[in-house]
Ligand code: HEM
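A single chain comes next, written as structure tokens; it is the form predicted alone.
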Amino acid sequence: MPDGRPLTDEEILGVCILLLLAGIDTTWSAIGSSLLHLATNPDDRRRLRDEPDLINSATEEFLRVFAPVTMAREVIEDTEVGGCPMRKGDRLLLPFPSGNRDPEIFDRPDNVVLDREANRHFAFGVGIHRCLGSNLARMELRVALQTWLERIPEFTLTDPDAVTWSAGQVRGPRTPALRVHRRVGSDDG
């Protein structure tokens, strides 16, 4: 209840739409980024396939490195930050996932470390703005990767230069072309 008043029907509908739709593009962006990494890093792909107990730490690491969400905010009063003037009403994209690359917090911050133990990343935000669906998103990413690697253990990109990345609030690959390597005698179609 904002300001002690009941929510309007329009506000309730907006929250329902947000809850139903918010995780769609963010989740498939995280899945796509993770699969892109595995397609272009065969040692990590083999290791994750050969050491399935790494799936939980690998999931957190993919979320850290490929955090798909950037928050948008509106400037509420004229100010200046780091020499950059901002005016009331300006819209900003706040790349808080850049904290996931802080070398004071993460050893080898720009590398994917599948068995990284200390991994308090910002992929889902923090505080009152933390993602409500974070546990569901983790599960979806983990299950997608497990299922993919069980069914399609070998894959590469047909054209790595063709991969484009989205811009704006949700970041992820948009045009990857995977080449799946079928096993001889495979009966899975």
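Quick note: we count residues from 1 along the sequence shown, nothing fancier. Each form is matched to the other, and the largest set of C-alpha atoms that superpose within 1.5 Å is called the rigid core. In this text, all values refer to a predicted model and were calculated from it rather than measured experimentally.
Another form exists, predicted in complex with this ligand; not displayed. Remarks below refer to it.
Sort through Val163, Leu132, Ala144, Leu157 and report the residue having a heavy atom within 4.5 Å of this ligand in the predicted bound form.
Filtering the options by heavy-atom distance leaves Leu132.
Interface membership of Arg87, this ligand in the predicted bound form, 4.5 Å heavy atom rule
Although this ligand is absent here, Arg87 would stay clear of it in the predicted bound form, with no heavy atoms inside 4.5 Å.
Does Gly125 reach this ligand in the predicted bound form if we count a contact as any heavy atom within 4.5 Å?
Output for Gly125 is yes: heavy atoms within 4.5 Å of this ligand.
Partner proximity in the predicted bound form: Thr27 to this ligand, non-hydrogen atom cutoff 4.5 Å:
The answer is yes: Thr27 has a heavy atom within 4.5 Å of this ligand.
Does any heavy atom of Arg108 come within 4.5 Å of a heavy atom of this ligand in the predicted bound form?
Output for Arg108 is no: heavy atoms all beyond 4.5 Å of this ligand.
Using a 4.5 Å cut-off on heavy atoms, what residues in 58 to 82 are near this ligand in the predicted bound form?
Heavy-atom contacts within 4.5 Å come from Leu63, Pro68, Val69, Met71, Arg73.
After superposition on the rigid core, does the Cα atom of Val113 shift by at least 2 Å between the shown form and the other one?
Result for Val113: no, shift under 2 Å.
Does superposing the core leave Leu92 with a CA shift of 2 Å or more between the shown form and the other one?
Leu92: C-alpha displaced by 2 Å or more between the shown form and the other one.
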